[in-house]
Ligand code: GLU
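What follows is a single chain, given as structure tokens, in the form predicted alone.
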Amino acid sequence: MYIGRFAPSPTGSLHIGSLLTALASYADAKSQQGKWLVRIEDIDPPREVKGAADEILHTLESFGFEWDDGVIYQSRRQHLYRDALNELMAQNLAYPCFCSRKDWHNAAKIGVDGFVYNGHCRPSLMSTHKIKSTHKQAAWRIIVPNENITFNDAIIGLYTQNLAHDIGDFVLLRADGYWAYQLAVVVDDAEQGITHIVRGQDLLVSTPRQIYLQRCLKQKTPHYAHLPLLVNQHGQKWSKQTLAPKLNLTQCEQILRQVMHYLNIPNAPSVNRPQDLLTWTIQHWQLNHLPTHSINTEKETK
């Protein structure tokens, strides 16, 4: 069975980019008679906004979305992440890192997703590097191979990344005690039986790390489809950081029609409720008709 998911972080209100991901993932699942799950990714308390999780669920309901099974909250699943880390430690793939961010950034090159960790605390380099005595809490990193990770994305085609060259040994558990996104999402997708992941292209660069973790933990790799991003007039992705406005729940039909247009869904007839537009989208959904590049919302709405 097809099992998909929508997994927002409660760092603020949903915006039009969030709605595009929700609609696309929902339509892809339901067009294949699959299940669509909702997961709240609340493992970064310093970034969370109080009440945002409940507001997100209320917004989805206002637009007519219905999810299968109960909502999952990552904050209640930390024992699963600990089990996964223990498994990686047992394979001698995870190690403690005491580097301060400032120190290792100063010695690092820039990769495809920020600084590439130089491996200072990696066990194989311990003979050439001496770790300073410290009372600092360690972060935990995973050893990555010097090999290409390649997968076929349903929207953009083949994508390849060399983890050692482009990313470096990445963090699984932060020094502040919070779990890293990469580990948590892999554990949850496996535990929930997710078979297909439809999400934004901003997360494309994370996918090889997640595939590598899946292999290390002997998990199946889902099918991936990375959606084009909605951008503003400056070419910036609509997000909380670029001050994307929250969705106006008094204009659900108008906003849904706008997002359907971005997804190349044919114009729908008059409807009585937003749910009818979701049904229309499911009936006319074709993943291979989606644009592959960013969509400028200002140009598209003129």
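This is a predicted model, so every value here is computed, not measured. The first residue of the sequence shown is number 1, and the count goes up from there.
The same protein also exists as the form predicted together with glutamic acid; that form is not shown, yet it is the one meant from here on.
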Item to complete: May I ask whether A7, E41 and Y181 all come within 4.5 angstroms of glutamic acid in the predicted bound form, judged by heavy atoms?
Response: yes
Worksheet, complete the sentence: For glutamic acid in the predicted bound form, the stretch among 195 to 203, 144 to 152, 110 to 118, 84 to 92 with residues bearing a heavy atom within 4.5 Å is 195 to 203
Worksheet entry | A225, heavy atom within 4.5 angstroms of glutamic acid in the predicted bound form | no
Worksheet entry | Contact flag, V185 vs glutamic acid in the predicted bound form, heavy atom cut 4.5 Å | yes
